[in-house]
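Shown next as structure tokens: one chain only, the form predicted alone.
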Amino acid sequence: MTSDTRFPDGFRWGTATAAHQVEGGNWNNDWWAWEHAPGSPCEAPSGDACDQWNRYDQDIALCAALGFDNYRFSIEWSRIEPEEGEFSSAALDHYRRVMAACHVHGIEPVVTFHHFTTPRWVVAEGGWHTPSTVDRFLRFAERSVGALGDLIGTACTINEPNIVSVMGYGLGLFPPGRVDRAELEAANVNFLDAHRRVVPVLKAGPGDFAVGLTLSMADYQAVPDDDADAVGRMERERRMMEDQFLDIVGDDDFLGVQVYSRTRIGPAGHLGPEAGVPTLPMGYEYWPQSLAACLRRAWSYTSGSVPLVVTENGIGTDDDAQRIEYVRTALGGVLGCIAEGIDVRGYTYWSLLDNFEWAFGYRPRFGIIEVDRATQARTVKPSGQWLGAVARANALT
């Protein structure tokens, strides 16, 4: 084993899910309504998902047995506050049990406070393009951290706010299913405000834990790279999708970088996959080198002011050997970044389980653990065994 394959001492290894994608039965949020709406773009409803609401201890035990030291998951706002101002002690007690199980198994709970889903009653009042949603989110966060903060290991404020806004208000593929530039920009303003304001709320609660934002990033490439129109289009989109969020994270404890592929933009707009580059079931390119590119850009853009954690990276594929090669290449890129002096403190694979992948239903298989849709039986894939061995060795074996 050569030294250049080893990760720094204390490097963190985790895997991730989100409540709506694995718990099952989250009928009181905007996504459940969206899945069942007439003409919905969703391939399938979430239904029972992976039944993690009942099977969380089994899944956390699997994380520990494989060799991971942290598990990232989200708490479901619509369960905790099912109607305005009505907080469920039973739901909060459930999430305390989930976090306690993490500690019993030697796993750090990495808790996301908003991962795509919003209660129906909030959406009925307007949703994320409405400033009042920020105040409601802050109240939910304050109540939740008050009940759970002593068990939290790390907190993520909002998962990929840039995806929620562009998919929900720019492309109409996520709820609320609109295409309205003004509402998209308003949603971004509100997400920025929500992150800024929720950090001190979480810090004021019980416990002592790091707090940061998780941001969807892509390896943006202008094609050709010397075409002024292509470069201009790319820079404008990257400004909307990434830069305005990177502008506000410098004082946070970490930035969660979430990367899957690259985005190619020509003079007339988005380009499809490049000829000869493999394409994955969700339609984007197999491009594992995108992770290193985005880590370098996040570090450069923020002038190294905030430590980086890879809070999501992976591929949805039916070919588990392809998954291993993707992650191997991506992790090689992480090692390269660390060798350059970039402060990368951990890697989190998406996802622990084959789960509900939003509008794509259950077709994309991101998990390192297979879930039988009929029986809910869990089966660790070879990629799970391999990545667990990497985590235990803290080295790219």
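As the structure is a computational prediction, the values presented were derived from the model and not from experiment. Position 1 is the first residue in the sequence shown; the rest follow in order.
Not pictured, yet referred to below: the form predicted in complex with a small molecule.
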Residue among Trp77, Tyr260, Tyr169, Phe191 with a heavy atom within 4.5 Å of the small molecule in the predicted bound form: Tyr260
Candidate from Thr117, Asn159, Ser165, Ser290 lying within 4.5 Å of the small molecule in the predicted bound form - any heavy atom: Asn159
4.5 Å heavy atom contact, Trp358 to the small molecule in the predicted bound form: yes
Heavy atom of Val104 within 4.5 Å of the small molecule in the predicted bound form: no
Close approach of Leu138 to the small molecule in the predicted bound form, 4.5 Å, heavy atom: no
4.5 Å heavy atom contact, Ser383 to the small molecule in the predicted bound form: no
The small molecule in the predicted bound form: contacting segment from 124-132, 228-236, 81-89, 108-116, heavy atom within 4.5 Å: 108-116
Heavy atom of each of Thr15, Phe73 and Asp354 within 4.5 Å of the small molecule in the predicted bound form: no
